[in-house]
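A single chain, nothing else alongside it, follows as structure tokens in the form predicted on its own.
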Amino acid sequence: MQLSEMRKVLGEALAGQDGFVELRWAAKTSRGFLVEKGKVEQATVKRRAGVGVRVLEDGTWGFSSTGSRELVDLRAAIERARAAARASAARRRSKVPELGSARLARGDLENQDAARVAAIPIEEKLELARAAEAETRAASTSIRSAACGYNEIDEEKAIVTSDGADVSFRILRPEFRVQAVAEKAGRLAAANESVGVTGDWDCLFSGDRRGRMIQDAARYAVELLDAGSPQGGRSTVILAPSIVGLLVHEAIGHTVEADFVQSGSVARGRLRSRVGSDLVTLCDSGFSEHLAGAGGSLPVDDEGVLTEKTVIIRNGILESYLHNRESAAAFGVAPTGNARAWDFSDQPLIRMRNTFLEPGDQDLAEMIAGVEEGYLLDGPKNGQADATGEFMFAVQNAWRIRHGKLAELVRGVTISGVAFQVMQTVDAVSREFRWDLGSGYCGKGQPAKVDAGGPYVRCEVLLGGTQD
């Protein structure tokens, strides 16, 4: 069934319904391959499709879902959602406010990029992963094993609401990963390179990105074998776009999602207060700002609201939270297009899309030259952050800076701090900009494809390592 036809079916199911009703058809096809040590370890194709139904009645949401597209089943799902709302309304202390006006999407939004990538034969995509893994293993005699994976998520959606949304669209997000493990005298070191975009094949592999990822993964794994440990303590650092993206997503972005704000995050009650230096402007956008291909791009959220660029922090001042229609009504503002659901059987939650710091006016070389003692950090590994904005992240690649020049590579680096405090120490922001988290997944009860990034940023953090 064509997307335009699906919209018509959903519209017919809404006919004659009272109150607010939202129907969201979603079909998700995932294709993926993993090659490790010369063998194809995984080759999967998965597809799920169905309709999610929400009804707002008596100030309460009711939700149901169905795998059927038949009109009788859709109307039955609406009645199940309505019954669920009525059953819980009497026990709900605070009522959902009337949904305010929103920029609701209409029409079929074409996406030729998705069609082009989907049309590439599966055998060609598998060969891509197989050849890349072989090249990584052959890059150095110190490489003991390698792994390469390709994955793509192909989504089609149609959203129709009783107050005017009537839209369909398609998005395809391809991802590519390379890992190299090196060994020397029984000591192991691993390095990972990954990329994920919203776009076509050329966007994924622009500028010989595939070759650079293979070379970098192998080179860093080998170099990390001989890397020493950093000196621990408070330190001046330059964060690469990958680390900047992780920081603004995990330690700031989640704290300004309006449902977390209502639950008491560190951002609660801090609108119009200073949370960063004048150089800090933080945004979240449904579009790929500055560079093409950001992995969290989408034209419409899962409530049928057109996405936009939302300025969260402007010149250090907290300016906005991220909203769905419900939270926007509660705060008396317009929704920002941040309602997202992973599957048709999931309810939309407030989620980020592409979160980034705006670039500045310095070159990276200038920023390094201005550091007497410090570190350049790149390549996020893992970490955690909480609702207070406190974070701790591990870093794959860290280079010492001595007397304004890059020095040796060190390993085992962690950084920690409180995000809003760190943002107030920012004293330089580069012109260079990069998206760098598009291959990751955000977790908040359900997954979401997001991206994050920005420029190089000079600031102060607590750096984990050895003590003198």
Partner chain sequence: MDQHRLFDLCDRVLQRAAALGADEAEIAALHAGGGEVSFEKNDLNVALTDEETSFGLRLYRGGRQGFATSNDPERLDELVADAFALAGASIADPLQGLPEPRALEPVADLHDPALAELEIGALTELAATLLEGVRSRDPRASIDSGSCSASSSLRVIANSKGLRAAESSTGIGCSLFGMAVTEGQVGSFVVEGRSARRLAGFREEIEACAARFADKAVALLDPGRGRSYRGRVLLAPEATASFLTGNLLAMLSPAAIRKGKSPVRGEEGEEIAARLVELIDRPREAGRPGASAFDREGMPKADLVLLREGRLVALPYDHYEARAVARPGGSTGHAGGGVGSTPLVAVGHASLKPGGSPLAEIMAEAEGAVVVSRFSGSTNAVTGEFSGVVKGGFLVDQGQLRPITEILIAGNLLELYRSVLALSIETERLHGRLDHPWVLLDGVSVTAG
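Positions refer to the first chain, counted from 1. Predicted model, so just to flag it, every value in this text is computed and none were measured.
This protein has a second form, the form predicted in complex with the partner chain, left out of what is shown; the following refers to that one.
With the partner left out here, if you bring back the partner chain in the predicted complex, are Gly11, Leu109 and His249 all within 4.5 Å of it by some heavy atom? Not a single residue of the candidate spot has a heavy atom within 4.5 Å of the partner chain in the predicted complex.
Taking 4.5 angstroms as the cut-off for heavy atoms, does Thr60 touch the partner chain in the predicted complex? Within the cut-off, so yes.
With the partner left out of view, is Thr414 within 4.5 angstroms of the partner chain in the predicted complex by any non-hydrogen atom? Thr414: contacts the partner chain in the predicted complex.
Residue-level question: is Leu126 within 4.5 Å of the partner chain in the predicted complex, judged on heavy atoms? Contact check for Leu126: yes, within 4.5 Å of the partner chain in the predicted complex.
Would Ser273 count as a contact of the partner chain in the predicted complex, using a 4.5 angstroms cut-off between non-hydrogen atoms? Although the partner chain is absent here, Ser273 would stay clear of it in the predicted complex, with no heavy atoms inside 4.5 Å.
Region of this chain that lies against the partner chain in the predicted complex, out of 351 to 359, 93 to 101, 212 to 220, 163 to 171 [heavy atom, 4.5 Å]: Among the candidates, contact is made by 93 to 101.
Using a 4.5 Å heavy atom cut-off, which residue among Glu183, Asp226, Asp363, Asp278 comes into contact with the partner chain in the predicted complex? Exactly one residue meets the criterion: Glu183.
Of Ala369, Val311, Ala87, Leu71, the one that lies within 4.5 Å of the partner chain in the predicted complex (heavy atoms): If I apply the 4.5 Å criterion carefully, the residue I get is Ala87.
Within 4.5 Å of the partner chain in the predicted complex: residues from 366 to 399 (heavy atom criterion): Those in contact are Lys381, Asn382, Gln384, Ala385, Asp386, Ala387, Thr388, Glu390, Phe391, Met392, Ala394.
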